[in-house]
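Here's a solo chain for you in structure tokens, the form predicted on its own.
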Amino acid sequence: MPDQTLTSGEAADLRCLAALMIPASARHGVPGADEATIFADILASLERDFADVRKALAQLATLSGGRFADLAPDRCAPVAADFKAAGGAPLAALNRVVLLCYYRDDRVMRSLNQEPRPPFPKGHDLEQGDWSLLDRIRERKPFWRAAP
């Protein structure tokens, strides 16, 4: 298995970007995505998204003209906005990893009035919605081939 470790520069860029994506909030009593425990989880959870995250960080470095983490604070947000506007699968993978790790942090779950635990085996109660919203989908003719 190839080495799946970001360089120190890539990790610094990712941490800086994570802080912009989800900043700490004193009002809600939650850390930012760059907080040590959450960021360690992000680095440990890259796995299948490693190649895409690395591509995204390379794109971010290109937009930054070097290391994103080395930019002046007033330059980070505009570069991050350009990065977001460019989109693509690598950015989607990076977003997914950051968000998944952030929202599995116990402090974040408590701030959302959620019990910090896995959803199974107990499950979570969901408010019942309006199932009639699916009627148009149910009435639509199938657009796929039947399996043999």
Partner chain sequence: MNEPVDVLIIGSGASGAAVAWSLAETKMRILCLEQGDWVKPTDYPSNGRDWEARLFADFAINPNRRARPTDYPINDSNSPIKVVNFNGVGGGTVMYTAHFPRLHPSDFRTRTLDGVGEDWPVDYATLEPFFAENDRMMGVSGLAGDPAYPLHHPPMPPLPLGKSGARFGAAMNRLGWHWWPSDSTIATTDYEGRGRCINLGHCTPGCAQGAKASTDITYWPHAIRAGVELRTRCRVREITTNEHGMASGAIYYDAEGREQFQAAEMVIVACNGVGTPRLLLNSASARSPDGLANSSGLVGKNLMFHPYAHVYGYVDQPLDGNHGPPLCLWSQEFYETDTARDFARGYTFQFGRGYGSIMEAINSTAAGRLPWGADHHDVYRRLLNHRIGLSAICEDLPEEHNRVTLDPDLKDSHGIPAPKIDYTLSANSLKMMDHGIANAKRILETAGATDIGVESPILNGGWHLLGTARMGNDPQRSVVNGWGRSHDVKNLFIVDGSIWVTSGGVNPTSTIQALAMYVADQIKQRLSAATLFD
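Numbering follows the first chain given and starts at 1. The term rigid core refers to the most C-alpha atoms you can superpose between the two forms while keeping them within 1.5 Å. Everything quoted here is computed from the prediction, not taken from an experiment.
One more form of this protein should be noted, the form predicted in complex with the partner chain, which is absent from this view; the next part is about it.
- By the criterion of a heavy atom within 4.5 Å, residue 102 is counted among the residues contacting the partner chain in the model of the complex.
- Contact between residue 16 and the partner chain in the model of the complex is not found at the 4.5 Å heavy atom cutoff.
- Among residues of the shown chain, residue 111 is one whose heavy atoms approach the partner chain to within 4.5 Å in the model of the complex.
- Taking non-hydrogen atoms only, residue 95 approaches the partner chain to within 4.5 angstroms in the model of the complex.
- Shown here without the partner chain, the chain has 80, 83, 84, 91 in 72-92 lying with a heavy atom within 4.5 Å of that partner in the model of the complex.
- In the core-superposed comparison between this form and the one not shown, residue 119 has its Cα shifted by at least 2 Å.
- For residue 24, a C-alpha deviation below 2 angstroms is recorded between this form and the one not shown after rigid-core alignment.
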